[in-house]
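In what follows, one protein chain appears twice in different forms, each by itself as structure tokens: structure 1 and structure 2.
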Structure 1
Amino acid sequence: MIGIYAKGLNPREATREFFAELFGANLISSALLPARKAGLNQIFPALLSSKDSLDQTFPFAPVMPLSTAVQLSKITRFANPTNTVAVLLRPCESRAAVELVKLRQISLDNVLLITRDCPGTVEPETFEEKASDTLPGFSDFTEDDLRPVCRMCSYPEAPVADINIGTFGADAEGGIILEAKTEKGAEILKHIKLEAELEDTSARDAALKSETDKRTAYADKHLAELQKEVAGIDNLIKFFAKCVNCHNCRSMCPVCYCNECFFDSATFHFEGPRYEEWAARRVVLQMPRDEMLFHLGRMNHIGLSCVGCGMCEQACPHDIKVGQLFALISTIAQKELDIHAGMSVTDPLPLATFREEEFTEMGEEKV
């Protein structure tokens, strides 16, 4: 089922109206939506229990200070919600949620997964610079303002959702395109007043293809340049030279889920004489230690589940292009295994799956 909803309203107003209908028809009991933080020009996820607070939400805010998938994990990880919770996710957040479902960090029981088309996001600082009493929208920024990871993301539409809110290819008169992606979503849309079913989706299909092609071209060029920049151990060391080993990138990564990280464990606690010994052996012992091991360990740990959201890079205090590097590494690794993170909750985890023919082209012989 796919149709036009709230023609004449802009996407933000139309989406608010859609959630108001969901609340009004008792189809949901709460909703996790981007909302303005009280008194501040910042947008963060907020759990609403009533449609009366929807005027504080900004469903299409072009900024993502953190991944809503992590907040969904907090709500569902230890116990399923008693009643239906609707959550609005960007495509990268939806894909991260899918990976967390596979890692048993999210349960989708009593969760209505609603996604929306995403033209990209800017850095929080860039967003706040243009914010006032009226918060800026996507049209207030140029293509160059967008985060590089957004410009190379090939998913303007989420691959997994119960209902998707579409804007690409929508009518110039306004409104949004509501599309049911599952039986659960179709059942919900039976109770929603669609203006008309969308018989011809060619305009939307063309708009999505055009956006995807543009991003793919940018990614191919940008990642090829980055691959040259980090080629060889010396260049990789130079790339991470400004790292202070703060672990902010790990803390903000939606698919880094361990309660205790190996790199914060007692394994890396040493007594003073050990440092003196290492310093005497090397003459100069650079501090902090093991930052390269940390990044390589993270790449090995989450590379196959990385969705390229760029939260790691956005959190870096020294602007290291770690998110772009992870996008490069994960693209190569996922292509090698013929997988794409976040595409299906039923896909098996690669490291827990045996494939008889795997890596035979690299010289491995079948037993």
Structure 2
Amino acid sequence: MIGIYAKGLNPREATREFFAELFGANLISSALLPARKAGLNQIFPALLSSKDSLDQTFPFAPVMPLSTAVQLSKITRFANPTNTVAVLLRPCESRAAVELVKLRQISLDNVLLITRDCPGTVEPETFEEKASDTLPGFSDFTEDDLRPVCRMCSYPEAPVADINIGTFGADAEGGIILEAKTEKGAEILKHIKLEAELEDTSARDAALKSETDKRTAYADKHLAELQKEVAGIDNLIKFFAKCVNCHNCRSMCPVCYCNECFFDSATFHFEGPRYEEWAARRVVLQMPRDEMLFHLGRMNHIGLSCVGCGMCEQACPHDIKVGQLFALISTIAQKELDIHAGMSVTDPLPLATFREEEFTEMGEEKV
């Protein structure tokens, strides 16, 4: 089911209206939405218990301080909420949420998963600079303001949702395009008054395609440059030159779900003589240790789950382009292994499973 909703309103107002209707019809009892931090010019996810505070929500604010998928995990992981919670996610957040569902860090049992089209986000600082009493919208920023990972993201629309809120292909004041993508979503939409069924989706399809093409072209070019920049160990070391091994990148990564990171564990509590030994072999042992092992190890841990949201990069205190690097390795790895993160909650966990017919040439070289 796909149709136009709240024609005449802009997407923000239309979405607020849509949530108000969900609350009003008792279809949801709470909602996790991007909202303005009281008295501040920052947007963070907030759990709303009634429609009364919907005016504080900014569903389309072009900023993402953290991945809401992680917050959804906090709400659902240990025990399901009693009543239905609606959550509004960007495509990258939805894909992270799908990964976390696969990893049992999120339960969707009492969750209405609503996604919305995403044209991209800017860094929180950039957002704050433009903010005054009114908060800036997407159109207040230029293409160059956008975070590079957003510019290369090939998912303007989320692949998994109960209901998607579409803006691509809709007029600026033309409301939003609501599309049910699951039976659960279709059941909800039955109770919502759509202006009109969207019979012809060609405008939306074209808009999405053109957006994807633009981003893919950017990604191809940009990632190729990045790949050159990091090629070989010396360049990789240069790339991470400012890394202080703080592990902020992994703290903010939505798919780094471990309770305690392996690279923070007691395995890395080495004895003094070991350090002496390392130093002796290298003459100079740069501290802190095992920074490269951490990054390469993490690539192996999450390369097949990375959704390219770039939260790692946003969290890096030294602006290392770690999100772009992970986008590079994970794009290629997911393509080569034919395992695509965030596409289905029923996909198997990649590193625990296998397909008999894959990589059959490996291990076999006849000698």
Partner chain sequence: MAKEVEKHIVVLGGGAAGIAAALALNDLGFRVSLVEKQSHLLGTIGQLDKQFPNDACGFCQLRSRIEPGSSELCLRHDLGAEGLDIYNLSTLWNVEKAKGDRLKLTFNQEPAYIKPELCVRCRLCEDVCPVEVPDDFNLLGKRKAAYIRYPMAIPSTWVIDGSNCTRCGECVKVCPTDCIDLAMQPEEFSIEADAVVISTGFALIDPSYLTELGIRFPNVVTSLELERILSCFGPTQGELKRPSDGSTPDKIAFIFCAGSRDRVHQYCSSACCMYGAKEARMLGDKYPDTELTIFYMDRRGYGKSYYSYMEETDVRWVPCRPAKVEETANGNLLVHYESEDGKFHKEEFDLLTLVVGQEGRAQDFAELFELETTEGFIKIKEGTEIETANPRVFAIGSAGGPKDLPDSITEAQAAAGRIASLLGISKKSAVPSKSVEPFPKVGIVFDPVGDGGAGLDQDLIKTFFASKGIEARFINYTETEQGLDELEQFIKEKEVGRLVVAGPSPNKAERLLKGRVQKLGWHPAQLELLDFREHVIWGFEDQSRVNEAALSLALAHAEKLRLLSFEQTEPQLLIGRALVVGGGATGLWAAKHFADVGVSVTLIEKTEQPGGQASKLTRTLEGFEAKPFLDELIKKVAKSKKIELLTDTTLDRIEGELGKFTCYLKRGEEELIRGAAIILFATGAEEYEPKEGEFGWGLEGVISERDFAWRIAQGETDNLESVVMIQCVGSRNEEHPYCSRVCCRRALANAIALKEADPKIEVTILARDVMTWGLSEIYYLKARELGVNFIRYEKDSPPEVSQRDGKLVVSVYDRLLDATVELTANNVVLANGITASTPPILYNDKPIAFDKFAFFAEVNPKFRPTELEADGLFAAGLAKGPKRLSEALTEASAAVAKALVFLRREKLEPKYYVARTNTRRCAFCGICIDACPNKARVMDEELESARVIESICQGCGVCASACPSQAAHLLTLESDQAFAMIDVLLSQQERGVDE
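Just so we're clear, the structure is a prediction, and the values are computed from it rather than from any experiment. Residue 1 is the first residue of structure 1, and the numbers go on in sequence order from there. Take the two forms, find the largest set of C-alpha atoms that superpose within 1.5 Å, and that set is the rigid core.
The first of the two standalone chains is derived from the form predicted on its own.
Annotation for D171: C-alpha shift of 2 angstroms or more between structures 1 and 2, rigid core superposed.
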